[in-house]
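Next up: a single chain in structure tokens, the form predicted alone.
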Amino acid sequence: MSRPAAWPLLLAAIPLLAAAAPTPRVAFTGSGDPEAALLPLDAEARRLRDRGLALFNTDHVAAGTEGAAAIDGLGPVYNAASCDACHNSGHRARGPIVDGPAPLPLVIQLGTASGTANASPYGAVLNAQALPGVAVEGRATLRFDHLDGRYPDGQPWRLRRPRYPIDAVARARLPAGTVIRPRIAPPVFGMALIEAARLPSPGRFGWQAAVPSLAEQTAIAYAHEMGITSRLRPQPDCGTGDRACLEAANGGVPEVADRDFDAVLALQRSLPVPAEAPLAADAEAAGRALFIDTGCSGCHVVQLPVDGIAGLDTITAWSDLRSHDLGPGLADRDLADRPQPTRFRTAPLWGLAAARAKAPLLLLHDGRAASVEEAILWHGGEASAARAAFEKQTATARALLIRWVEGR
């Protein structure tokens, strides 16, 4: 678990957008001022955010643990004991690097071909940890294949394709129609800006833009990844017929008190986006032009309008926050390894420069892409034309575009 002292570097002010700026963008000043935040905070709001910071960084414990009323209720099956375990200092989780057990921040969701949660013995998520005396639900072991190809100019490329065999299921076999939905923990900065984005439909959170609010997204994480109930998710993520889970002792009703739940929301809403790392002026302009000309900006849009934030009209998340079909290569797969129709939210590119500083940089919904180049090459479906335009560029132009994206 990281120390709270690592957080003040994230709590810097976001200046208002200059009227003359050609591309209004959210900027991270890096001042390190612990009094600063995304938006001005009065004394009570600051106290609430600070409580959220403490809760975010604290390991929860089993119900009934003496003196732990605010942080008990963990489990009995779960994936992580704290928010920070998956969203370290607010950043995206580090994904899988080599074959072996799936890292805990890579959550294995269990779904169906229709995209709904699976009514299985294990609920919506396969939990890989459990309290003493309770069997874990199961584990996924990653196996990487390699896909090799060449650009039109002959330069080779290689991609990693992950497989997720499920080992050691504790209670019953997974239903034949189960779809394995691996999801790496995304960053949690800029949440207030995403909430304020003006979109044609309410969904905007989660890898598939299926969740309309930060509160609901946080409640899902508490219930599925930590086994902790909240006012929005009053039932634990227990599988069908799992009496041990359903009858386990609880840490109150709900287990995370309303004020503590609101404090964790307040923390996330306070976190500004890390700064971009722009290239030299000429290269920055050329990289941006390539990004637009290849069609990447069709989904990773330059600006989104926002409502309800004084002095702020647009943000530059480099995302339309909408879901798209990216083809069978990125689609979730069932137990027979057959791709299932899957739509993914356009991942915001903001924060990539900061993520690269916390290497290894592993991208996409399951961390399979070990570079920006690999992430681009995985794009299919609605993004096929943009990928093809990228591939047709010269090696020099491709390298410039990659460096530009890495600096967002």
Ligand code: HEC
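Keep in mind it's a predicted model, so treat the numbers as computed, not measured. Start at 1 and count along the sequence shown; that's the residue number.
Below, we turn to the form predicted together with heme C, even though it does not appear here.
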Quick one: from R139, H91, R233, R183, grab the residue that has a heavy atom within 4.5 Å of heme C in the predicted bound form. R183
Contact residue in the predicted bound form, from C245, L214, A124, L304 (heavy atom within 4.5 Å of heme C): L214
Heme C contact at L38 in the predicted bound form, heavy atom, 4.5 Å: no
Spell out, yes or no, whether the shortest heavy atom distance between G295 and heme C in the predicted bound form is within 4.5 Å. yes
Does heme C come within 4.5 Å of any heavy atom of E225 in the predicted bound form? yes
Quick one: does Q340 come within 4.5 Å of heme C in the predicted bound form, counting heavy atoms only? no
Please state whether all three residues V188, L330 and L363 have a non-hydrogen atom within 4.5 angstroms of heme C in the predicted bound form. yes
From the candidate stretches 319 to 327, 305 to 313, 273 to 281, 195 to 203, select the single one in contact with heme C in the predicted bound form, where contact means a heavy atom within 4.5 Å. 319 to 327
Mind listing which residues of 87 to 109 have a heavy atom within 4.5 Å of heme C in the predicted bound form? H87, R92, L104, P105, V107, Q109
